[in-house]
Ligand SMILES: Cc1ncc(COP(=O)(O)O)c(C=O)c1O
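First comes one chain, alone, set out as structure tokens in the form predicted on its own.
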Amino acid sequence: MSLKASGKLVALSRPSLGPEEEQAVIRVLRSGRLVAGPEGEAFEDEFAGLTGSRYAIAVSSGTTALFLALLALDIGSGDQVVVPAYSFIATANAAKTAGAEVVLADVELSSMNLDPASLARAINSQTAVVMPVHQFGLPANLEAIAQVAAQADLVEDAACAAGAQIKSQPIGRPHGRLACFSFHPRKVVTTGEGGMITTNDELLAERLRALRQHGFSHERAELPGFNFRLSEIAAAQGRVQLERLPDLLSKRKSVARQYQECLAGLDWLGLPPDENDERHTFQSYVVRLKSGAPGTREQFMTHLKDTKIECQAGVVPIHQHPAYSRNAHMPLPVSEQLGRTALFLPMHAELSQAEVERVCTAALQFGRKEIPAKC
């Protein structure tokens, strides 16, 4: 039976918001305090508690978090920052905007995270920072990365990783100097726009607070800074989202398990790796077409869209953007393969079992497979 044009649209992503978030926003509006108030301070304290870090500094976005983290470390002209080639462009933009040279390393095929072996080839005497990304909420191999990058500072791009863990340790309890999070609407925890930086370094925390507030410290501008504050409205919403985080993660994991059960038999479709020592947030559910697939990624996406299922091509490798076309100084075959073959399937906490079944049925039909009873 064809699913063409049947049913309502299955959304790729949707923030999970309810009456608690609405009440929190109303509370702030009635208070008349819209910036630099108690909600922001409480949000920082609660996020520090979640991550096991000493300090958490709220900022206006995940990108500004990355940028300020580099500025706090005095990264600029003459420094090199190594980032994975298969990552959203914000990772590279933060380094380039800080004035550093962006150096690209390849990723592992299964995890899509920074490959320590490729990182070892990318590092040299000018490497000041290595910026691993916890891609789509799956923790990178920080232990191996830290060993390879012992001469450099480690700044984690944890944009998708609020609530993730590795060896029972929360991401955000920095393995390096700093970790940076995003609260964009597609993230597990959302404030609309917003970000957070975590650190155990008191001096870095003080510097970051000054940088986000025009450089002010003790009523004087000690250094040039920016207006990268998070609003009280956003912070109040974020506090509610943190309270709901265990339930949001549980629902996403349930969706991921259902996908795994229904799609594991498709030998042409690569699924996210099983969790071992990691706790995955499943900020996104990313699959890749393998050799022997019954069509191209674009044909598969057309098939899904014809059945009213939203999907999206995977991340464009950084060096395939014109702004970074000259930054590929060594082969990046895995990133390029993922750039051709990876795509996002619907993933969010509000996704129903029936909607997941529709996605699985569409995939099985594309592969000309029988639909197993458990789907």
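Residue numbers run from 1 along the displayed sequence. This one's a predicted model, so the numbers in the text were calculated from it and none came from an experiment.
Beyond the structure shown, there is the form predicted in complex with the named molecule, which is absent from this document and is the topic of what follows.
Visitor: Tell me which stretch of 40 to 48, 26 to 34, 323 to 331, 57 to 65 has a heavy atom within 4.5 angstroms of the named molecule in the model of the complex.
Guide: This holds for exactly one stretch, 57 to 65.
Visitor: Please run the contact check for residue 194 against the named molecule in the model of the complex: heavy atoms, 4.5 angstroms, yes or no?
Guide: Residue 194: yes, in contact with the named molecule in the model of the complex.
Visitor: Mark residue 159 yes when one of its heavy atoms lies within 4.5 Å of a heavy atom of the named molecule in the model of the complex, and no otherwise.
Guide: Looking in the model of the complex, residue contacts with the named molecule include residue 159, since a heavy atom lies within 4.5 Å.
Visitor: Please determine whether residue 88 contacts the named molecule in the model of the complex, using a 4.5 Å cut-off between heavy atoms.
Guide: Answer yes; at least one heavy atom of residue 88 falls within 4.5 Å of the named molecule in the model of the complex.
Visitor: Does at least one non-hydrogen atom of residue 207 fall within 4.5 angstroms of the named molecule in the model of the complex?
Guide: No - in the model of the complex, heavy atoms of residue 207 and the named molecule never come within 4.5 Å of each other.
Visitor: Tell me, out of 145, 133, 103, 107, which residue has a non-hydrogen atom within 4.5 angstroms of the named molecule in the model of the complex.
Guide: Of 145, 133, 103, 107, the residue with a heavy atom within 4.5 Å of the named molecule in the model of the complex is 133.
Visitor: Give me the residue from 252, 280, 212, 187 that has a heavy atom within 4.5 Å of the named molecule in the model of the complex.
Guide: Among 252, 280, 212, 187, a heavy atom within 4.5 Å of the named molecule in the model of the complex occurs only for 187.
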